[in-house]
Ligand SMILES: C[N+](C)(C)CC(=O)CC(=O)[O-]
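Okay, so here's just one chain, in structure tokens, the form predicted on its own.
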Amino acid sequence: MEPADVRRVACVGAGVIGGGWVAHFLAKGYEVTAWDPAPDAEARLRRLVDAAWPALTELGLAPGASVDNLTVADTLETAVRDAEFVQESAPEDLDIKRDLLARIDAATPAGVVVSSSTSGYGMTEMQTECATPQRLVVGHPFNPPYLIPLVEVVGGERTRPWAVRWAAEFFEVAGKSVITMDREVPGFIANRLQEAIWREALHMVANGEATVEQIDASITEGPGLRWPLLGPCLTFHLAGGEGGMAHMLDHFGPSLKSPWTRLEAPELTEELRDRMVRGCEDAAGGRSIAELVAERDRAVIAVMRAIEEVRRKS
């Protein structure tokens, strides 16, 4: 089947990421069958979809898109038996991933691509128990998948190139911005960059150098305003003035030896954990998670539209 002809998608795992995938696919007009072993999975999933639907409606729904196109199956086998594409979003536990992907592989029609939402594992280490590992890929999204367009696609050692190409084309048809990775990288690309900032933030809180609010403001009011359009590399390219990246590296290169970063993760002590929790509660200012999600979604939509407008006029 060609990627553009897919109409039925199965989502295995219906937590925050899996539920976000469900909402995304529904908004793009697909028929979605979901399965999750948790006893309250269906109620939680439908609440998540309902919460995401206003933002998706504002962005624009595909013809025929409806929450009524969601079916929650009683078993994994029922969920995937008629699927034309499968997105797995189980917890980050390697044994669970291996077992679940093997079950999905056994129950999914031959030739149908199976994608994993893993945040850190490589497909090589996850596909070990599968009978037909050649069709398994990683489709690594960013939270929330229904709103953030990025998905990083990469296969494992036993994945065939056709499956990677097919998955990348399908995600593009399904409205995603795709990075097809040349090789497996632990943590993928975006997570590696995000993790570097996160570790440095934890160090500064642990050492009493900055508060949670100060750290977040330093990004939202500083470099974060530049990154949606240019990213970190082109941002530094502009920092070199007319000389570009060459001048930037020649001029600021020596500062790379300065003790500005500590990429080793700090010890996650009870004290540091409590500081982070209290700091986030203070920064939230009494707003609930649901309120913060709605505020975040409105802001992301506004930024996406502003960037689209800038690119259209370039």
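Just count from 1 along the sequence shown to find any residue number. Model, not experiment: these values are computed from the prediction.
The same protein also exists as the form predicted in complex with the named molecule; that form is not shown, yet it is the one meant from here on.
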Within 4.5 Å of the named molecule in the predicted complex, heavy atom basis, the matching stretch of 172 to 180, 238 to 246, 187 to 195, 223 to 231 is 187 to 195
Go through 207, 143, 214, 75 and name the one with a heavy atom inside 4.5 Å of the named molecule in the predicted complex. 143
From the list 71, 132, 119, 124, which entry has a heavy atom within 4.5 Å of the named molecule in the predicted complex? 119
